[in-house]
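Below you'll find only one chain, the form predicted on its own, shown as C-alpha cells.
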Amino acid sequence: MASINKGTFSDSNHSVHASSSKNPPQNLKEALILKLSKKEAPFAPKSFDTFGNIAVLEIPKELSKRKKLIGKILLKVHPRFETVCSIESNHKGAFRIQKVKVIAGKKQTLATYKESGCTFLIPLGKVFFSPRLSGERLRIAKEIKKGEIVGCWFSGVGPYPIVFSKHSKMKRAVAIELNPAGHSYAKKNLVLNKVNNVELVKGDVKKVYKKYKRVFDRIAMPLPHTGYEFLKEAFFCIKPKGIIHFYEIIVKGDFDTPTKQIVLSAKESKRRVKLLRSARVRQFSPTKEQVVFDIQMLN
C-alpha cells in the first residue's frame, strides 16, 4: 500500500468557491473546510489514492478524531466511491505493508484496480502496491525488446510482469515475491488478465537468485527501501548488455548515494556498468523521493 502519490486523485483543480450557494463545494478540501474548525482547516487533505471503488487517504494526526467525518464527506463529494480507507501506519516489516482502516462506506478492503488495460485484485493492507509507479511500468514495458527474458523482483500482486506481458513482446518473465498474500493474488491476477508467459516464484530473492545466473536480459527491482542490498544478486543474474531498473528512496536531490552504491556493488561483482538514466519517480515524503536508475551492463 502506498502513501499519497502520483496515482493519487487530487480534485484541487476542480474546486468551486466555498462561499457560493449556487455552486456547492465539490473539492474535498473545500468541503472539509466548511465542517472543520479554523484550527483544523489548514490540515484538511485534498488528495487520495483511487483503487476502483475504494479511496484511500492519509489523514494528518491533527485530524485523527475527524476520520469518520472526512470519510463521509469524501463519499458525498465523490459518490462513485463505495468505501473510504485511511492509512494507519508507515510501511513496516519485511513486506513493507501499511495498515489501512475503513472509515466510511462499505466494509471492504479488496480493491479492483485498473492500469494500462490491465486489472488487478489488491488486498489493501496486506501487500505493497503503488499506483505511483504505473508510468514506470508502462515505460519499461515499451523498452522491452522482442524475445527478452525479464526478472521482476519484489513483484507483489504482479503489476510489473502483467503490464510487461500485455505491452511488450518479451519471451517470458520470472516474478519473485516473498509475501504469501502478494504471491497468492499474483496468481489470481495472471488468470484475470489471461497472461501465460509469467512464472511466479514465492521466495526471497537472496535465497533463489543463484538459479538464474546470467538468465535475464532485464531486471526490474522496485523495492521501496534498501534496494541496494540486492544489487549483488542483480549483477549475478543479468546478462552482458542487459539492463537493470533499480529503485531507491533518497533524501531529495541526493543522487550521489545510490550512484556510489551501484558503482561499489558492480566493482565487487566484477561487472562493468553504464548509467543510462537517473530520474525522480515520485515524492515519498516532504523530505524524501523515490528515484530510478537504468543500469546497462558492459560485460
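Keep in mind that what you see is a predicted model, and the values were worked out from it rather than measured. Start at 1 with the first residue shown and count on from there.
Below, we turn to the form predicted in complex with a small molecule, even though it does not appear here.
Annotated contacts: A94, E177 and D204 all touch the small molecule in the predicted bound form [non-hydrogen atom within 4.5 angstroms]. Stretch-level contact check against the small molecule in the predicted bound form with heavy atoms at 4.5 Å: of 78-86, 184-192, 128-136, 162-170, the positive one is 128-136. Proximity of G71 to the small molecule in the predicted bound form: non-hydrogen atoms within 4.5 Å are absent; the residue sits far from the partner.
P123 falls outside the set of residues with a heavy atom inside 4.5 Å of the small molecule in the predicted bound form. In the predicted bound form, the small molecule stays beyond 4.5 Å of every heavy atom belonging to A141. In the predicted bound form, at least one heavy atom of F154 sits within 4.5 Å of the small molecule.
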